[in-house]
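Here are two versions of the same chain, shown separately as structure tokens and labelled structure 1 and structure 2.
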Structure 1
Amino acid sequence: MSIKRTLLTSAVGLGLTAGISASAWAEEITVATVNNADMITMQELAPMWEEATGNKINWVVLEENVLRQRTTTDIATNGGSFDVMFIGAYETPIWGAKGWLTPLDDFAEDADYDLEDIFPLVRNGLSAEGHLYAVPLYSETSFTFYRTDLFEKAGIEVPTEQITYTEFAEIAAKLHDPDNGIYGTCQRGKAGWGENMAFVGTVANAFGADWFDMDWNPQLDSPEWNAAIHYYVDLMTQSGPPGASANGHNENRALFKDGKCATWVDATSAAGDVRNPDTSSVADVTDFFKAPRQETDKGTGWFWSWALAIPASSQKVDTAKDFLKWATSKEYFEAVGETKGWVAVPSGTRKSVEEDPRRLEAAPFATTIVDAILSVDPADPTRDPVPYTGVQFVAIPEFQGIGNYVGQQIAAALAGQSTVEEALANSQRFAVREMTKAGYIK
């Protein structure tokens, strides 16, 4: 979809006729978004859409946890504060099924937008009951970032097969050199279901843990959870940076790009930023291998999409849809490639973009990332059978509260404010109470 066509679409949608200025019908939409690199780029490029359509954007840029709190409260109360929300693969199906989001099924009728170009796994993850409710900017799984120069200096052989978390801890300990400003590993410690629990959830999966058994009984006091959280706290205590319980994705990304971390298990979507010499001091000495396994390899790499959606409360749906089409179009990705470099293009959504020779030349790891994303199965995330879907989250409305509470408990254990046993016992009591209140168990 070209800018010219976007303008025409907007004009038709708003009832414009020849000779009448688009600005006479221009609207301002309010967009709530997270403060990550890809969305900062979108803010920089958005004047292209504003100038072409005459519309304006009021950006509300928030830290990830705060964004989730604000958007959840607003949409649950039909507050109408936002016309566009940056949400993910957890919120979209739940909110869509509740009727809180505007369906986007008509995007399939726009040949230029080419909805079929978006990977089916991603489209399905942003749909509910057969209806599309959000369109993706990028999608991701998780893998291990590592410093090739530090591995070589320490004589560590780069893994060619999926290693265990036990082996990973041994590597991190060898590379830990805080006297010279190098930490063996940087992992998420900031509390939040989408922050520390994204990583911790995949570690728990690797150790064979489940959030719930087949009867929806919480399992947070299981031996598997105990082993996983002891491992996590020990790993970060022995080989992590100081104050790790305050570090989320953005903080660890900054540490890694600044050359402070030897390893980091986190989102594949950060690869372009870390490998971009314009934004990273370790662009030419960073490579990747799979996130480790332990008792099982199921659920060791998460699945996530960050996407744009329109609350049902918006009074500016036509303009909001026009913005969504532009912001997730092939032309938008090309604009990012031309202005920021093809290594910086948001990854994991469009087949045509990932196969573009310019993308493959600038980001030779792109195919590996796409293959890793498409290998994730959110319907089969754990060693033992479970009644839920989702790898690093559980796709039920109650998980947001439970996940945040457990994240707080784990962060407290990491900070030394409680023991692992206390954190998990508190988490189990809270989860049992919430699941009983919601009617899953008696």
Structure 2
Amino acid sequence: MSIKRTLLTSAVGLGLTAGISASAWAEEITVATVNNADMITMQELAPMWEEATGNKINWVVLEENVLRQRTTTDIATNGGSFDVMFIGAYETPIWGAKGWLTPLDDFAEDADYDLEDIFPLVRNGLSAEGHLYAVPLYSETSFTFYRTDLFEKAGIEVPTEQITYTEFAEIAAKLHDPDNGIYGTCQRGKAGWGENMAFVGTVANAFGADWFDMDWNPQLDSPEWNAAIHYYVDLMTQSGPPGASANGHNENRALFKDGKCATWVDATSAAGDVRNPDTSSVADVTDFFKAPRQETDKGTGWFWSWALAIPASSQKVDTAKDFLKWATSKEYFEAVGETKGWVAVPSGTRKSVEEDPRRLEAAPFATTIVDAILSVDPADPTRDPVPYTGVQFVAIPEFQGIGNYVGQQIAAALAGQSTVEEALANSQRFAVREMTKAGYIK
């Protein structure tokens, strides 16, 4: 009896201690996130982590551009408003190198997390100076979405090899049927370094253009840029929808899903949504091939990751790390697959997920996406050697300003507000001014 009582008392005591320590450690972390489908799924599943750890999450959900402004301002001023931030492949290496992010090198020691399972290309894109600064939720490149039914009707053979942009324009022109509400191609036209310049940047790469030469002199007035932008404007004028200069990724995605576009070169991460019969009217007549090439095949598909990082200013690093591990773990991807269907699993980060038979059955295009992602090399994005990394962006802090301005000028050329020559001359002047201001060139 006495032994029993002693045991019982100790058990209660232990339980109490555990309870007290769990509640003493329980913390609330603030997570700044973008409002896209993958992040909304994460919010729905986050109670799993909250219940398991006793911690709470305070979500700050923002539209992509606003999120970028808020997080950049907060981290640059050491504001400390967030414990976890969703950031991309552009910000991570720059912010990491500045010491604004907490290094995540210890993730490699956690066997359950299995850092090696994440594609090396993705890990490298989220590292700076040998340290890992963010862990990915999904990664993407760009490829061509096309309508199999329209190709068949027009008697166009589906390309098996990477075609040129000239050939692509011919296909788009053949499929262009605005009277019946079908546009030959829908491409991004809305200004912004993460909007139209993502697509335009890859077209420029394909035409052999680059942003800067080895001495950081802007190259926007080069014949290659001229040819690329003329091509882009002609393509959209001849085979694009009206008002293309206002269409960004989301607008084009809606147009494509609505059956209004015959082709679309955009993010692989949209494939799951477009092929999902619940959300798309063209789910069973959409397939994919590589983004076209022209003078070169280098940098013709972009590279991007949405990832989780912890600002150096966070006071709750351990809890934040625990959340990061859970939100990008195999267990999390499994949970998404089970609750949302394997077609909705965030793509392009973990080898084990991409090879999972359940994923391959639900999303037969998964292999195409992974192959496309792995064929990108952000360290060697252009025909000629350049001093920067990044395919559709240049990994320097000044690029946001330059990219946005150039994006506006290209949008003006697309809308017919200026000529291609004027747009590029203005862009060159602006880029020279910004690079001079920042001290890259004298």
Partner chain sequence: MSTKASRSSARLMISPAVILLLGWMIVPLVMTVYFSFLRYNLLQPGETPFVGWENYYWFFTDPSFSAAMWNTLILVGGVLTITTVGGICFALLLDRPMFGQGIIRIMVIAPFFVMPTVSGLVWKNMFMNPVNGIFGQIAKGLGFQPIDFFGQIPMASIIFIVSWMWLPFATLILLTALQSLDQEQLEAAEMDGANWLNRFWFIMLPHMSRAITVVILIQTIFLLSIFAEILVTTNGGPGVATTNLTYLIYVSSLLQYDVGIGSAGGVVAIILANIVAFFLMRMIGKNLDA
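Numbers given to residues start at 1 and step along the sequence of structure 1. Heads up, when I say rigid core I mean the largest set of C-alphas that superpose within 1.5 Å between the two forms. What you see is a predicted model, and the numbers here were worked out from it, not measured in a lab.
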Would you indicate whether the form predicted on its own is structure 1 or structure 2? 1
Displaced residue check between structure 1 and structure 2: Asp273, CA, 2 Å or over, core reference: no
With both forms fitted on the core, give yes or no for whether the Cα of Asp297 moves by 2 angstroms or more between structure 1 and structure 2. no
Taking the rigid core as reference, does Thr144 move its C-alpha 2 Å or further between structure 1 and structure 2? no
Taking the rigid core as fixed, quantify in angstrom how much the C-alpha of Glu338 shifts between structure 1 and structure 2. 2.5
Having superposed the rigid core, state how many Å the Cα of Gln315 shifts between structure 1 and structure 2. 4.9
